[in-house]
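Heads up, the chain below is alone and in the form predicted on its own; it's given as structure tokens.
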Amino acid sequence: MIPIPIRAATSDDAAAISDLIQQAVRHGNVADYEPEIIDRICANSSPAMVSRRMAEREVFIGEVGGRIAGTVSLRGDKLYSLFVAVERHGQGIGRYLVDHLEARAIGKGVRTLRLSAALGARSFYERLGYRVLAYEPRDDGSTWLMVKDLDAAG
């Protein structure tokens, strides 16, 4: 895993984050979700929606060569919206972003971090120490509710 610079996202990043999310969803989720679910997820990831979420969450981006390679966000005790650029999959960027977010959460006093993982992302999060609590059937794309005890994460 190569360390990459991670910074807080700004409103100027909204369009690039939106593009990254939509490309990642259209590439990585097609085996798990119907086309109408993919379209709904992408519509909920428009630049305007990304900007709205920036006002509600701490959004971070990782950059490689001056381009956004991944994004992740935190609100309270929940990890949201981990996405890595399609061409950067398998390079450790997702793990690096999660490590950054976990350290941020620990610094805020969070002891247990929650997330709703896309169906195909379950094994990724399990490798990072998250455990499944429940399957979450949802009209906008079912997920796995997962948690990690940050105190034991060491």
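The structure presented is a predicted model; accordingly, all values stated were derived computationally and were not measured. Residue indices: 1-based, along the sequence shown.
From this point on, the text means the form predicted in complex with a small molecule, which you will not see here.
Should Ala121 be classed as touching the small molecule in the predicted bound form when contacts are defined as heavy atoms within 4.5 Å? Heavy-atom contact with the small molecule at 4.5 Å: present for Ala121.
With a cut-off of 4.5 Å between heavy atoms, is Leu113 one of the residues that contacts the small molecule in the predicted bound form? Residue-level check for Leu113: no, no contact with the small molecule.
In the predicted bound form, does Ile41 have a heavy atom within 4.5 Å of the small molecule? So Ile41 does not count as contacting the small molecule.
Applying a 4.5 Å heavy atom distance criterion, does Ile17 contact the small molecule in the predicted bound form? Heavy-atom contact with the small molecule at 4.5 Å: absent for Ile17.
In the predicted bound form, do Gly76, Ala105 and Val147 all put a heavy atom within 4.5 Å of the small molecule? No, none of Gly76, Ala105 and Val147 comes within 4.5 Å of the small molecule in the predicted bound form.
Using a 4.5 Å heavy atom cut-off, which stretch among 85 to 93, 44 to 52, 105 to 113, 59 to 67 contacts the small molecule in the predicted bound form? The contacting stretch is 85 to 93.
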